[in-house]
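Each of the two blocks below gives one form of the same protein chain as structure tokens; they are labelled structure 1 and structure 2.
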Structure 1
Amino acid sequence: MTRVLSGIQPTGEVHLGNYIGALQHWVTDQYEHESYYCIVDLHAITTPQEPERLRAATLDLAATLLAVGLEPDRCTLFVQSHVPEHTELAWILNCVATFGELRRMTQFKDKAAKQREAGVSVGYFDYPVLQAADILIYQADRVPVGEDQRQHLELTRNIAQRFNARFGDTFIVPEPAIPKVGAKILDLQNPLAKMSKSADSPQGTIKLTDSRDVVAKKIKVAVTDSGREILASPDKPAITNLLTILSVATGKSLSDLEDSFRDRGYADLKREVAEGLIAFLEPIQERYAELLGDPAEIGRQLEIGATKAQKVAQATMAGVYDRVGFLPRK
């Protein structure tokens, strides 16, 4: 059976980009594959986090993931720091990955350009190696992610191949599963940038927990493209973005939506996106509130997930320690 692994950071709130690019596919994958989904708190601390907020955000994120449809009986949902083998493998992979290839990661380069490179944490620089460990430790075949993770997945594949060549076949070389539509949902205020948790324009990001008024407002003021036609095409990034959002919210195909908007204007499109999105988010928000009412139950589910995940991770680590030549403990 195909094995799936993916992860999401407990920083900021989950937004539509996360849902459309990744989480909706996590939900469908859990019915078809053996799926592991990880809340990556160790990745979160590569930038400064306030401890109490991080703890709360981790629980919130677990509730959100369950609310969008992850089922603990169908997938293994866990917190990264609950399975310390991830960091053990990351150390070993650190000795396989090179400084040069990490330096080329665009995420690092962007960060180093924004602030002084000397001020970027070593953990931030090393972040992609921990991500490789997350994936390889589960011998994952398939990694459902958005477009922004493509380079990290390429690095993971390179590290796996290099390790296998040096020490003998140990890791599955994983394939990224990047969706054809919705892999890069754009900022509603700036269609040149991806929608992001750290967006400088909060108006451009729709959170899954946004109230109906907030959703309606953000869609209303969304930037549009020049022209009048409502088409999903590369020269209409903002309209394509809105159509993609509407398609996910309503389950209608892009071409059906294009047909239904022939000879209609942007104001109509925006009205339908807002209505569709509000109707789509409402049941998710209800489940989220319900789930958060019982944090002990979420903790119980995460514990079950960590136990299941750790079994797989420990088996991989035993093989890795042997391969690299460590003396077994008596």
Structure 2
Amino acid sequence: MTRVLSGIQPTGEVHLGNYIGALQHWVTDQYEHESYYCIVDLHAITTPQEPERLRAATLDLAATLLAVGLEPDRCTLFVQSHVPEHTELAWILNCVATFGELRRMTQFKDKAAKQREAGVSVGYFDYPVLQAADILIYQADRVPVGEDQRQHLELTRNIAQRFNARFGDTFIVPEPAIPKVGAKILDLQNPLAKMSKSADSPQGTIKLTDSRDVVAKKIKVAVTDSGREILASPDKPAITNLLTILSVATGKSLSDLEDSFRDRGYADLKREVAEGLIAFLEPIQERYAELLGDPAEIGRQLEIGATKAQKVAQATMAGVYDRVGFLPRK
């Protein structure tokens, strides 16, 4: 089977856009590929984190990933810091990557422009190399990437090719996996922007853990477009977004929903979106609450994943250490 790797940071609560854009594909991929899913807590600390909050957020994210349908007997779900070989490989790859490559990374250039280069942490500058280690240590064939991470995957490919040329074939050079085209969920208060974890628009974001009342209120105050027709069209982004959410929640096509709302008003649409979304989220929330009530079970599941991941990582590192020329431990 093709080996796929994806990672997610334990920062901010998972929202509907995250689920539709990525996590539902993770659930599907675990049946079609050899899938490795990593909670990247080492990447999270490239910006300041409060320790207890980070621990709680990591546990919370693990519960969410299990609740949406990831199955440890189908995929490998683990916490990045539980497999120290990631950082071991990152150091070796640091000696293969170049300063110039990292300075050209768009995220670093943007960060340096905002707060001056001297104030940017070395971790933030160097995290693309750790990201390369995350991928290469599992010999991943494919890595799902959005446009914002395409440059980093290209760096990973360059590092792998350079290492292989210098030390002999060691790493699989990963290919980008273009995510399956799915529904695009937009901000309920600004339907020209994607739904986001940002606190700038809390009323515009549906979190997977939002209560029934909160979901209903957010849908009720969602902005709408001018006119009265309930159609999915470019000139009606707000109504298109509500129809898209209802389509995801109910499994009905946009065209069928348009037909069902002919000669009806925006209030009817909002009511049905709220009801459909509440029903859609209910089983996820019930499983999430069950898991959070038993943190030991979450830890057990993560330990299963870390053990599986570390076995692969250690095999890769044994080959890397031999190729580089390190003296084996007796």
Ligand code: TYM
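By convention here, residues take numbers in order along the sequence of structure 1, the first being 1. Every value quoted in this text rests on a predicted model; they were computed, and no experiment measured them. C-alpha atoms forming the largest set that superposes within 1.5 Å between two forms make up the rigid core.
Matching each structure to its source, the form predicted together with this ligand turns out to be structure 1. In a rigid-core overlay of the protein, Lys220 has its C-alpha displaced by at least 2 Å between structures 1 and 2. The Cα position of Leu302 differs by less than 2 Å between structures 1 and 2 after fitting on the rigid core. In a rigid-core overlay of the protein, Ala274 has its C-alpha displaced by at least 2 Å between structures 1 and 2. With both forms fitted on their core, the C-alpha atom of Gln285 sits 3.0 Å from where it sits in the other form; this compares the forms between structures 1 and 2. We note a C-alpha movement of 10.7 Å at Arg262 between structures 1 and 2, with the rigid core held in register.
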